[in-house]
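Given as C-alpha cells, the chain that follows is alone and in the form predicted alone.
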C-alpha cells in the first residue's frame, strides 16, 4: 500500500472510530463529544467538510467550539468555549471569529465592518455547519434566507416589473456579497453602475452621445428590486423624463392624464411615450444621435 493511501485509510478510520466513540489505536481514552451529543443533527456533521477538520472526531468539534474543558467536566452548568446553540450562545463576534480561522479570504475577506457584521449577525445567522447541504449555498434557498430579514425587498419582488429571482434565473447573491462589499449595500462591485453592467453590458458605453443620468447612476431611473412601472422605472414616462426635461425643445406644460386615450390623446403619452422618438435612452454612437433618437 502506498504511503499516501495508507495515510488516507488512517484518517478515515480515525474519523469513523472517533464519531462512534471508540478510541483509535494509540489514542488516549477520553470522553467524546458524541457520548452526550448523540442526536442526528450532531452526527450529520460527520458527512460534511467540517467533520474532517482537526483529524475528525473530537478534533472536529474542538476546532470550532474550542477545547471546552470546563464543559467536558460539568456539561450541565457550563457551555463550550464557543457556543452556537440557543441555550448559551456566545457573542456574535466570538462565533464568527471561530469560523474566520479558516474562512478568512475570498468572499469572506470584507466581513469585518460589513453591514451584516455591524448588525451583530454572525456566520451561523445564515449558515448551518452541521448540515450536509448548507441551504444558504443554494441560490433559491439562500434567497429565502435573505427575505427572512429583508421584508421590503420581498414585497418589491412581487411587483409587476422585477428581476426574475422567483424563477431562479437570478439570485440576491448575483448582485450582493452578504459577507461585505467595497460599496453601498454590500454590492459585488464598487459602484451601482458597475454592478448593473456585469449583466447589462450593452449599456456600459462609452457612447459618442451620453445620457448623463444613465452614466451617473442607474438608480436615478430604475428601482433594482421591483417596480409597478416597466422596466423597473421609478416613475412612468413621460413623468420620469420631465423630472429633468421640463422646458427643453417640447412644450413646457407637464403631460398628464388628459393626454391619455378617451381624452385628447397625446403621442408623447402613448406606447413608449418619450422613447417613441428617443429610443437610445442610455446613449448613442450614431453621428446624428445627439438627442438620443438613433
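What you see is a predicted model; the values in this text were computed from it and never measured. Numbering follows the first chain given and starts at 1.
There is another form of the same protein, the form predicted together with a small molecule; it is not shown, and what comes next is about it.
- For residue 206, no non-hydrogen atom is located within 4.5 Å of the small molecule in the predicted bound form, even though that partner is not displayed.
- Taking the partner from the other structure, the small molecule in the predicted bound form has no heavy atom within 4.5 Å of any heavy atom of residue 158.
- Not displayed here, the small molecule is kept clear of residue 91 by more than 4.5 Å at the level of heavy atoms in the predicted bound form.
- With a 4.5 Å cutoff on heavy atoms, residue 42 counts as touching the small molecule in the predicted bound form.
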